[in-house]
Every structure is written in C-alpha cells, then in structure tokens.
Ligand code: NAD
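Shown here is one chain on its own, the form predicted on its own, set out as structure tokens.
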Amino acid sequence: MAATLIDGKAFAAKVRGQVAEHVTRLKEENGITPGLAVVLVGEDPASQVYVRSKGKQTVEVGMNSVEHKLDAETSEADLLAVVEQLNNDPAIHGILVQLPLPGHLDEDLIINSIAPEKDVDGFHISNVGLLGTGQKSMVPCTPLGCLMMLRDHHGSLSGMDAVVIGRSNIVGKPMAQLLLGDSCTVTIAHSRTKDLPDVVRRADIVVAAVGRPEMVPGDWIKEGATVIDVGINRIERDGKNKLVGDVDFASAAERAGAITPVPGGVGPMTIACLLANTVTACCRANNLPEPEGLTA
C-alpha cells in the first residue's frame, strides 16, 4: 500500500492562517503588531531568495517586516551594532541573521549577540540550553515544523521509537530533544553509526537530516513507519537538475505508512514556523497567552 503523503505546503498554509488570526487578535485586542527583522550580509543568491520569501510571508500574515541588507565586507563591529539596535527596539520581536555569513565574520559570536527572547531561529546558546533541559525556549524552525507534522499525523508520539539521522546543531540535535520531550525513545544516528540500516529499521519515526542525496533506501524503512525527510539536495539526473531528499522517495514510499516529499514537505514549514516563533516571542514580551498549537 502506498504511503500517505504528508503535504508540507498545505500544512504550512494552515500554520500561516493560524498565525494571521493571532496577529489580527493582537492588533485588535492589544494594539500590538509583531515585528520581524531579517539581517542579510552579502550577495549570496540563495540567501537573497530566502530573505525575500520571508519578508513577503511576514507581511502577508499582517506582521511588520524589517530588512537590513549589508555589504559582504561589513565589519563584525558594524554587524553587532545593527543587532544591538534591533535588540533595543521594542517594535521588533524577532531577529534573524541570515546564514551563512561571509568568512571573516564569527557566526557564533553574531548569533549569541541576539537577545535570546528575540532569537526566532532558536540558535542562541541560551535557547539551546533551555531546550536541552526541557524548559521554555525559542525552538529552531525546521525541527519545530517536523514536530508539528508528526503530531498532526499521529496525535500522541508517546512511546514511539524515533531515529534521527544527522547530528547538526540546526536540525539533528534539537529534533532529538523535541522528540524526547514528546516521550519518544530516541536514537541519534550519523555517519559513524554501526549497522545503520538495522538501527533505522527499528524506528516508528525516521527523521533524515544528513545532507546526502537519497542515502536512505526503502529497505531501511520499517513497514508502516513515518518518514520525515529534511534533506534538500540538487542532483543531475537524465540531463536535468532535480531536487531530492536524503531518502529515496520511490522505494521508501512503498514501505512507509507516511512520508514527506521533497520538495513540498519540510521546506515550506521552516518559514511558517519562523512566523509562528515571532508571534510567540511577541506574546511572551507582552505577557500575553501564547498561540495554541504553534509552539513545542
């Protein structure tokens, strides 16, 4: 039986709708408009496209969008000054510094200069620590989107066996923490894992976030498992450029109970969750109830 397709585009649209409703209530009942500031350094084409999309979607849900575009040669001191200005601006509730940064800039230093409560990417060391100890934090957008889709498909995740393939600070590690928080039994697998196929075959939930095209074949997937494919890899096939995930979709879909496609799966959820995090940050800053269903 073919796997159920988990439609990230449709789910992201639903999340954006929830965000827009909450923004409307904040405006009408409290006179507050959430504000998101994005800082882009340099001319990286992919980053420019991503920042434009973020700005467009921010405005579409009724929030204020602020963009700071800086030259690639911008000094660390000047970038830190922009972040500090945004930290002190009460109209800005979320700050995102687009990565990657030019090589002369210290990414860790810049990210950790953002006020933790405005760190809507969830990368600040304080938010990492809060998430790791099960406390209220800003949660990285991509893992949050994966968790939302899993909860929507399964309801409770309690007691399920989950394998996260990949141990990055952006996806793998926070994804494992979120699954633990929902009472899964979690294994983090990676390139050095012994008997990786057998580890994956035990999983009720597989989250692939390793950045290697189609490295997970269908025969690694347990019958009926849910597969969340975070990978976005560009490959040449039949003389054409094609986007594929970290999972071989065709063979995995024959065994999985549910699976996300690439493109159109996890990707659209990342910006949707950025918007959700901005609303959450705004509510926390003003001691207002947080939006239901939009947090971890």
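For every residue, the number given is its place in the sequence shown, counted from 1. The structure presented is a predicted model; accordingly, all values stated were derived computationally and were not measured.
Omitted from view is the form predicted together with this ligand, to which the following refers.
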Exercise. Should residue 183 be classed as touching this ligand in the model of the complex when contacts are defined as heavy atoms within 4.5 Å?
Worked result: no
Exercise. If you check in the model of the complex, is residue 168 within 4.5 Å of this ligand, heavy atoms only?
Worked result: yes
Exercise. Any chance residue 176 has a heavy atom within 4.5 Å of this ligand in the model of the complex?
Worked result: no
Problem set entry | residue 230, heavy atom within 4.5 angstroms of this ligand in the model of the complex | yes
Exercise. Which one of these stretches, 40-48, 267-275, 59-67, 27-35, sits within 4.5 Å of this ligand in the model of the complex when only heavy atoms are counted?
Worked result: 267-275
Problem set entry | Listed residue that, although this ligand is not shown, lies within 4.5 Å of it in the model of the complex (heavy atoms), from 199, 215, 72, 130 | 215
Seminar exercise, completed: Among 157, 210, 79, 205, just one has a heavy atom within 4.5 Å of this ligand in the model of the complex, namely 210
Exercise. Though the partner is not shown here, which residues of 123-142 have a heavy atom within 4.5 Å of this ligand in the model of the complex?
Worked result: 142
